[in-house]
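Two forms, one chain: they're shown below as structure tokens, one block per form, named structure 1 and structure 2.
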Structure 1
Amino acid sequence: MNKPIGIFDSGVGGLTVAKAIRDVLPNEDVIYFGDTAHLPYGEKSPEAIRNYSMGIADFLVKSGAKAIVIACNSASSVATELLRENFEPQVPVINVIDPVIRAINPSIHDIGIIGTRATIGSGVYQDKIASIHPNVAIHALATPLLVPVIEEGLEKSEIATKTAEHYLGLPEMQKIDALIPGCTHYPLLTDLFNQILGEETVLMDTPNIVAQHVKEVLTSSNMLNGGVQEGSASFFVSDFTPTFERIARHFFRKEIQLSELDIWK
């Protein structure tokens, strides 16, 4: 099916998922919406996040998207069911939480989860892990300062290092043998997390896990693009930020088509 995959997030974090999807499905077109005017979602109410998510999903579907990927943990935690009620079965809605939970290795005993206040406060990771992996001890921690650091382009700075060291040095993170970076911004700090955690702690590769799940969904629904040419990528933001443009160009290694669009006018 020669239609694009629609992907959205509050900002640059979802680009980690978009890049992984392009790596796994290079022939697929993607259309990405970064709601930079309302970031970070992690500090917004569930009602506000649902409202933003519905508006963006409607825009993506009207733009021809054959599937919607909620490349945001905060939106995934509170808006998935609403979007599925409104767009499925015609347009599959894929979140970034369920595939990751299913990918937890049964050998894991203590798992850490870091994310925004909205994601951790929703309890969705904790509840779903407990239902699927009842013997796993869960250590959940809200880490609200990490997203602003990344959105400001400071992921390589001492500020990022000190912030991550503070969170991962807290007592609840000391027993873990695996960590879920429960925000799509956080893979931008992969090297830093690995440096702090050490080799004995598994850092789950959430973008690749989600990308593989997107491939499975499109394959089972006979919705894969049958073409052989490299797919296109279009990027929209609700408010232009230099950081978004810089990170998008870094990931996609070329000039990108970036348009500012207020879909709520």
Structure 2
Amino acid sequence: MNKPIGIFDSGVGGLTVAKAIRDVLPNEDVIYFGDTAHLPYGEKSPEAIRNYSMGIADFLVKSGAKAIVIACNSASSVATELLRENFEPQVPVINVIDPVIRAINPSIHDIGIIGTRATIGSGVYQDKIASIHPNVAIHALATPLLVPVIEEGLEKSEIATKTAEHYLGLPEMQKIDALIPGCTHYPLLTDLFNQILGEETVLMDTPNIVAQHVKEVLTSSNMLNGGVQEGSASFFVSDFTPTFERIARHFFRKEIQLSELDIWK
């Protein structure tokens, strides 16, 4: 089906998911909406997040999206059901939490989960892991410095190294044999995390897990793009930010189309 995959987040984080989808499904078109005017979602009420998410999903579907990927932990946590009620089965809705929880290897004993204060405080990962993998011990840690480090463009700096070493060196992280980077920004620190965790601890590749799930859903719904040429990517933000442009350019290499658009006007 020659229609784009719609992806949204409150900002740049979802670009890691968009990039993974592009890697797994290179000839799909993607249309991305970053709600930079309202970020961070983590500090908004569930009602506000649902309201923003519905507005964006509506925009994506009206723009032709055949599927919606909620590439934001806060919106995944509170808006998935609402979007499913409104858009499925015509337009499948995929979030960034459930496929990752399902992908936890049954051999794991102690799983670490890191995320923003809002995500860890909400307990969404902890609750979902406990209900599907009741024998896994969960070690959750809020790591609020990581997002601002990435948004400052410092992910390759010594500041990033010291910060990641600090968090992963805390007692609660010492027993884990797998780590979920529970924030869509964190894949920008994958190399650093792997270096600190060493070979004994599995770093879950969350964007790839989500992208593989998108592929499965499109395949089973007969919605894959049958074309062979490279898909297009367009990016919309509700408020232009240099960080968004920098990371989108970094991930998608060539010139990207970035448009500011107030869908609430």
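Just so we're on the same page, rigid core means the largest C-alpha set that superposes within 1.5 Å between forms. Residue indices: 1-based, along structure 1. Since we're looking at a predicted model, the values are computed, not measured.
For the form predicted together with another copy of the chain, the corresponding chain is the one labelled structure 2. Considering the chain's movement between structure 1 and structure 2 as two rigid blocks, V91 travels with N222. Rotation of the smaller rigid segment with respect to the larger between structure 1 and structure 2, from C-alpha superposition: 12°.
Taking the core as the fixed frame between structure 1 and structure 2, we note the C-alpha of T161 moving 4.3 angstrom.
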